[in-house]
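Encoded as structure tokens, the following chain is the form predicted alone, with no partner shown.
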């Protein structure tokens, strides 16, 4: 029986999720149809409902800007979703729609793949959307010592800090210009528009690692800028993208695909 999955987001044209999951499915000779939602979609709740009415529908990936709305839509939530307040994976389970968040596991996996030690690291997270929120629990699980959030709208970052810090013992607070950071993560979508987040050269150049959650065919504007100020370890988001997708694939089909071959295929 052919099974179907879909990625929901806006914009969605740049999504590589259909390619990634088709490569996963090929490893297991799985008959899988994976597509994208309509471009420019806004009525996401009805779109979720219509998709999961199909008996062949197994699961969905959720990207910007719908991760928090997917959190509200799910019937049941995993601990990863509950701790982050965002959902990037939906699937049917025991007659209900189950929501999970695999972003953080994908991000931590990619840091390990690139030889970056997170234990004890001081992290600056730039951005306060669903992608940023989804990664915070996994980063603390990996042993980081502190995480500060910077966002163009400080009030939005404060909402995340207040929400997540209240229910944890995490060293989590707003960005401080007196602090230096080992790792800086760009969780904004600015790179999709060739723009860079507003981080002073002093803060940026003091870091050891810069990571951009966006993946483009060429290094993003943020990573190019980081290299210009002397950062030698710069990582784009392709590993995180494939890593979080693999976690979703496991949830849907109880199968663990090989990630390295998929990353190599996409980059070739």
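Numbering follows the first chain given and starts at 1. Bear in mind that the values here come from a model prediction, so they are computed numbers and not experimental data.
Separately, the form predicted in complex with a small molecule exists; it is not shown, and the next lines address it.
Contact annotation for the candidate site: 14, 16 and 61 all lie away from the small molecule in the predicted complex (no heavy atom within 4.5 Å). Per the 4.5 Å heavy atom criterion, the small molecule in the predicted complex is contacted by stretch 151 to 159, the sole one of 164 to 172, 112 to 120, 73 to 81, 151 to 159. Residue 184 falls outside the set of residues with a heavy atom inside 4.5 Å of the small molecule in the predicted complex. Under a 4.5 angstroms non-hydrogen atom cutoff, the small molecule in the predicted complex lacks residue 85 among its neighbouring residues. For residue 131, a non-hydrogen atom is located within 4.5 Å of the small molecule in the predicted complex, even though that partner is not displayed.
When the small molecule is considered in the predicted complex, residue 188 lines it closely, a heavy atom lying within 4.5 Å.
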